[in-house]
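Single chain ahead, written as C-alpha cells, the form predicted alone.
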C-alpha cells in the first residue's frame, strides 16, 4: 500500500529579514517545520510536502488578533485550492494553532474529495476520545479569544473546561510585555528555568483541580514545544493526564481520513449547486 501524500501549509510566511520570526524563514522542510524532531515518527509514515504559507498581508509579525487570523486564513485558501486541483495530495494539513481558514478550506476540499485538517480542531476531537472535558493552555489575551471562538464554532463549549492564559505573547511591533514567548524553548533546552513552562505547569494544575479538565491541549503552535515537558512535569506530580499539541493531532487525523478515503460531509459543506437539498436545517444549541 502506498503512503498517503500530505501537504502541510503554514498559516503565513514573513519576509526574510522580518524581526519577529518564530520559526526559520527558509531551509529544508525538516528545518522549517517547528518541532520536527517530535513529528518525524509520524511523517515517516507518509509522503509530505511543506508550503511556507502565503506572504503575510497583515504585517511582518506573527498572528494573534482575529483580524490577523482572518487575513491569513483568506490568503491561504488559494494555496488549498491549487493543491486540491493539482491531484498531488490525498490530504491537506493547515498548520497554526488558531485554524485560520479551516472551514473555508474544508469546503474547497469537499469539492475535490480531499480531507483538510487543522490543529485546534484535531486536538479538540482527539481530546474527547481521551476524557470528558479539556482545558486549553494558551499564550495571550487576544489569542485566548480566537480559541474561545473556535470552541464555540466547533460545538465544543460543553466539553471545554477552561482556557488558561499563561501570558507569554508572540512578538510583534507593539510588544512591550516583560515575558515574551520567543526564546523560552531554547532556555528550557539549555537546562535553564523557563518561565513559560513554569506558568504552563501552574495553570495546568489549576485547570485540573479547579476547572475539572481531564485532558489538556495547547493553543498556539509557538507553544507546542511545551507538550512533553508539561506532560512530564505533571506526571512527576502524580497527574497522569494527556497533553496534546496540534501538529501531531492534525497530521494523524489527515492520515486517518486519507486512508479511510473520506472527507468532510457535503451536507455540512454543500456546493453552490448541490444535487440534493434539504428544506429544513436544525441549528444545534450548546
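No experiment lies behind these values; they were computed from the predicted model shown. Positions refer to the first chain, counted from 1.
There is another form of the same protein, the form predicted together with another copy of the chain; it is not shown, and what comes next is about it.
Every residue of 5, 98 and 225 near another copy of the chain in the predicted complex, heavy atom within 4.5 Å: Verified in the predicted complex; spot residues all out of contact, no.
Which one of these stretches, 253-261, 217-225, 47-55, 26-34, sits within 4.5 Å of another copy of the chain in the predicted complex when only heavy atoms are counted? Looking at the other structure, the answer is 253-261.
Classify residue 153 as contacting or not contacting another copy of the chain in the predicted complex by the rule of any non-hydrogen atom within 4.5 angstroms, answering yes or no. Residue 153 belongs to the contact set for another copy of the chain.
Using 4.5 Å between non-hydrogen atoms, is residue 16 touching another copy of the chain in the predicted complex? So residue 16 does not count as contacting another copy of the chain.
Do residue 185 and another copy of the chain share at least one heavy atom pair within 4.5 Å in the predicted complex? Because no heavy atom of residue 185 falls inside 4.5 Å of another copy of the chain in the predicted complex, the answer is no.
Is there a heavy atom of residue 132 no more than 4.5 Å from a heavy atom of another copy of the chain in the predicted complex? Yes, residue 132 lies within 4.5 Å of another copy of the chain in the predicted complex.
Taking another copy of the chain in the predicted complex, which residues along 261-276 bring a heavy atom to within 4.5 Å of it? The stretch 261-276, when checked against another copy of the chain in the predicted complex, contributes 262, 263, 264, 265, 266, 267, 268, 269, 270, 271, 272, 273, 274, 275, 276 at the 4.5 Å heavy-atom cut-off.
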